[in-house]
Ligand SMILES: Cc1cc2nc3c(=O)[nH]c(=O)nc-3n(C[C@H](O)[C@H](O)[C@H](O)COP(=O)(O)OP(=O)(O)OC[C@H]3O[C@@H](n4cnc5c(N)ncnc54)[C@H](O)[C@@H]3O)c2cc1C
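We begin with a single chain expressed as structure tokens, specifically the form predicted alone.
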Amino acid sequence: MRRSVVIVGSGFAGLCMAIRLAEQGRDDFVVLEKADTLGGTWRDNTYPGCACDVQSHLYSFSFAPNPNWTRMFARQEEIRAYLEDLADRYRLRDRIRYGVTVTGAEYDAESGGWTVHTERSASGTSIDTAGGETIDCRFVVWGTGALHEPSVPEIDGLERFDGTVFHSAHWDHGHDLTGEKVAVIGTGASAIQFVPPVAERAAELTLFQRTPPWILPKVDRPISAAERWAFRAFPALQRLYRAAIYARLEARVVGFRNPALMAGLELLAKLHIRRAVADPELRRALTPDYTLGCKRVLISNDYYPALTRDNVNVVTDGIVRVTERGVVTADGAEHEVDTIIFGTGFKVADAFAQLAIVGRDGVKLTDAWRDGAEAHLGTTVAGFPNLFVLVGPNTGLSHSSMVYMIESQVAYVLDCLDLLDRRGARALDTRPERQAAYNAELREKLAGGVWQRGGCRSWYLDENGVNRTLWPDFTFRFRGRTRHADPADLVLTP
């Protein structure tokens, strides 16, 4: 099978790439999706309370605004419906092959293209024959993002536990938590959303907290029918509203780049704790000892009140092991539980570790990234021609919408394709020295920010303490750099 472009993943990134290719008349593409439906992280994460922590009108495509959002911060079901609507609106259904897992890809210098290896996914229900085959293509666009491989810590004895165990990204909806003793391990973005509804159903909930997060109030509310009508009737009004949200979020960058300026937000966060938690001992346990922004800043109005319930207990002692009946902590106590739920996030640094992606001269991507993942503009990787990575290294955000970054990267990919057409070239690669210079610039900007100087260890950092996750500047500057492909950064194969 021969295609011009293979897109891997059908979340925001994959769909954006597909839409833009179709709009440009580049119709010879296929989207490969390992699951049996589209949606990416908004398909996989269905835990109680799941919602976005970026305002709805910004967490959507600028070219496909949704005037019908019902809340300031959309919930999972509504975001998933938005993505499904996009697939219908842009007639992408026939371009997506479900139940197909990409296991690797190899670049062929002679043809200037890629051979993509696939296999049938265990959950796939599609009868398409692509699974288990190889697909030859000119370009590969990797659009799976980094938040798709759940991270479960290695805890001694976990396999011996007699109860139920699952990760928040694989929520067991068939398991009734009513009246159970539930252990929640982890206090990340997912945990603070599902802890309140689980606490209402469980007989007891024990939250095992290693490091408390900074949490700010969530300025959420329903969007009235009158507001939705106004956005439909006057699209410019919605664009203006989106721009106001964008500008307000961008202002946060100043604080992230200058940790001393975070004191005001820290005071707001501490007042948020004080208003909800009367017990001084619990307040101390929930108050971080690092600078706000060093780890991901969370927003919630019901998390702290949930922790004050009579049936909820916060444990800060480290976990030593799991027994058949429960969780043992460093103080020697055994906490008997019926169910263990992990809210421990995703394997961001190892997102590509299981893939056999082989570039020019037989170099594997895992070897090229042995000392840490890096790319040029987070999108191309030296030595891997005609491969584009969406939501790649150092494109993550701690202050604004990833959808904005995805649109910027897709525009860059399209300009690269146009450049190849204009020059009559068959392949495009990044110059190693330009990639190195770009990443040295990133390291310098990150070094002075709160992510490195805030006094914490976060999933933003790899095992060597290097931040290979975040973009450390205003997003409009990233858009400016990705608006056009600079031929000086690239090597074109005639």
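Keep in mind it's a predicted model, so treat the numbers as computed, not measured. Numbering starts at 1 and runs along the sequence shown.
Missing here is the form predicted in complex with the named molecule; even so, the following discussion is about that form.
- Against the named molecule in the predicted complex, the set 53, 355 and 402 is in full contact: each member has a heavy atom within 4.5 Å.
- Contact annotation for residue 48: none of its heavy atoms lies within 4.5 Å of the named molecule in the predicted complex.
- Interface membership of residue 190, defined by any non-hydrogen atom within 4.5 Å of the named molecule in the predicted complex, is confirmed.
- Residue 59 belongs to the set of residues with a heavy atom inside 4.5 Å of the named molecule in the predicted complex.
- Interface membership of residue 41, defined by any non-hydrogen atom within 4.5 Å of the named molecule in the predicted complex, is confirmed.
- Of the stretches 98 to 106, 171 to 179, 233 to 241, 217 to 225, only 98 to 106 has residues with a heavy atom within 4.5 Å of the named molecule in the predicted complex.
- In terms of contact with the named molecule in the predicted complex, the residue from 144, 380, 300, 394 that brings a heavy atom within 4.5 Å is 144.
- Interface residue among 406, 322, 199, 375 relative to the named molecule in the predicted complex, by the heavy atom within 4.5 Å criterion: 406.
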